[in-house]
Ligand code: TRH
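Okay, here we've got a single chain as structure tokens, the form predicted alone, with questions on binding and movement later.
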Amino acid sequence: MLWDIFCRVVDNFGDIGVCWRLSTDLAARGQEVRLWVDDASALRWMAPGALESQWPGVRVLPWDQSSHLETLAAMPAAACWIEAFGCDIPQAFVAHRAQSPVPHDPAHAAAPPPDLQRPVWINLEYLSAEPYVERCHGLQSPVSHGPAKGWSKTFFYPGFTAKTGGLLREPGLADQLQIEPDATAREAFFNALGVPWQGEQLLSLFCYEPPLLPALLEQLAASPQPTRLLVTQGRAAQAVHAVLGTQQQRGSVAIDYLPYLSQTDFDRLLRACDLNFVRGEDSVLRALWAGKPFVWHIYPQQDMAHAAKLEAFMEQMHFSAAVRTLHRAWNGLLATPVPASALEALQPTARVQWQSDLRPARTRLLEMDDLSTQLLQFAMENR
């Protein structure tokens, strides 16, 4: 089938990251995907070759071209539309489809029924572990006005239970995760990144501006255990610079600023590190699949809706009390001053138990039908 996926970029690392993974996952399963995006610049480093159509089955197209009637007239109609994260498909695109007759085989006397003009229209929502996801997943939303009046969309909610749309997970990932990267593989990977790893514990940092960051850096600096902190580009690097300035060594912690990483290398980074600080929807899933202890910096919202979202996620993961305290502190959800216990879960001995505690939830989620599998099944049943 041919799919149109629409993505408006709010956060260059999140929305486009999820939509690109979904596009390539569908393509790997034999689908054809057109990804319409208003800012594809992050794909230059996230997925080299994407903008040059070097990824089989996926074509990246500028958002504004989806309103060009001449462009649309030259394209085949897609069987499925996905509007990601509440973005609205341009009215000109919808009108072109709604007002265009569907070609049919002249060998058949009867024209195709009108419903065949209608694509399977999916509103792909943000990931959440909150209870409303099970209630809302699969609900229909009739289109009450505009050129597609009388059509309907279906809400598709990724989630952590069998009553949701599942999680993004490419085929074969579970088998890949059985092979742990050894010291030689880790050293080769870090050498390629220009990181002089010499056996220190490895922490990756991909975050916004966490209130607990200064305390974390102080703890690492004062610890007898050497640490190498691998800082990603963008807001994480800016946050560390705000605390340490240009210092790249403070006590026991050495700081390396990584280049922009492709999704493939980012996934390898998470598997190679001992502890990962991640942010947003795409990276928290990759951290979960990596199977290492991780701290999630959830996207902050003015109405504090992220607090309930974080609590629901931690409940699904069955995090210990210490790990929950750490997450609340990292996300600025504890009153100041932050209790010293907030950093206890980061101690190496505590991380061993933390990693063990993650396994049952990870195993259960790996056994669920993934998001692409469920989207394909839904599309096949409803086209």
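Nothing here was measured: the structure is a model prediction, and the numbers come from that model. One-based numbering along the sequence shown.
The same protein also exists as the form predicted together with the named molecule; that form is not shown, yet it is the one meant from here on.
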*Sort through 263 to 271, 86 to 94, 166 to 174, 68 to 76 and report the only stretch with a non-hydrogen atom within 4.5 Å of the named molecule in the predicted complex.*
263 to 271
*Please pick, from Tyr257, Trp197, Tyr299, Phe155, the one residue with any non-hydrogen atom lying within 4.5 angstroms of the named molecule in the predicted complex.*
Tyr299
*Let me know the one among Ala345, Met46, Met317, Ala40 whose heavy atoms come within 4.5 Å of the named molecule in the predicted complex, would you?*
Met46
*Flag this candidate site as yes only if Val10, Phe206 and Glu281 all have a heavy atom within 4.5 Å of the named molecule in the predicted complex; otherwise mark no.*
yes
*Look up in the predicted complex whether Asp15 has a non-hydrogen atom within 4.5 angstroms of the named molecule, and give yes or no.*
yes
*With the partner left out of view, is Tyr126 within 4.5 angstroms of the named molecule in the predicted complex by any non-hydrogen atom?*
yes
_So in the predicted complex, is the named molecule close enough to Thr232 to count as touching (4.5 Å, heavy atoms)?_
yes
